[in-house]
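Next up: just one chain, as structure tokens, the form predicted on its own.
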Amino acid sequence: MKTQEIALIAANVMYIDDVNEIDVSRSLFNDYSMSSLDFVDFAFELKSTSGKDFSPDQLWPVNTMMSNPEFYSSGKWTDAGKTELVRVFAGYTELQDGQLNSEALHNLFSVNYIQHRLAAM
């Protein structure tokens, strides 16, 4: 899918009147205040439009990973979790240790990331 198609779906879900207000490199979570309900709606609209079969957790696996003690324990990522994060973001960005907290990871959830993630599925 093209970035403009993805941005248009995001704008519609979040009731943003002008799709041009969305910077495709900025976080939909942190910069545009996409809520968890918006995210689920967004994922299902993407699924329908893209023709790909995926769950919201496959689009953004970070939250599920953080609830799995194999990947995240005692407030930090395990070695297995770091390996999985590197796999999820491979070809999109190289993660640094400073990007392993929830806010920094949420900053990566952009239209550009989504385009990359859909292409990888």
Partner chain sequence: MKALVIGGSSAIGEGIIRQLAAEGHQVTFTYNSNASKAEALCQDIGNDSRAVQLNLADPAAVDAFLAALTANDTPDVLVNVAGVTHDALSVGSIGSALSQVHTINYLSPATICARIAELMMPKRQGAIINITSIASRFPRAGNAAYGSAKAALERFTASLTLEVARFKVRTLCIAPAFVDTPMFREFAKGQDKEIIRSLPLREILAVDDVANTVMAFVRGDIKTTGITLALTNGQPVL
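This structure is a prediction, so every number in the text was calculated from the model and none was measured. Residue numbers count along the first chain shown, from 1.
We do not show the form predicted together with the partner chain, though everything after this point is about it.
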{"item": "is_contact(Asp31, the partner chain) in the predicted complex, heavy atom dist at most 4.5 Å", "value": "no"}
{"item": "Non-hydrogen atom contact Val86 with the partner chain in the predicted complex at 4.5 angstroms", "value": "no"}
{"item": "Exercise: Phe44 in contact with the partner chain in the predicted complex, heavy atom 4.5 Å", "value": "yes"}
{"item": "Distance check, Ala80 to the partner chain in the predicted complex, heavy atom within 4.5 Å", "value": "no"}
{"item": "Option from 44-52, 63-71, 23-31, 88-96 whose residues, in the predicted complex, bring a heavy atom within 4.5 Å of the partner chain", "value": "44-52"}
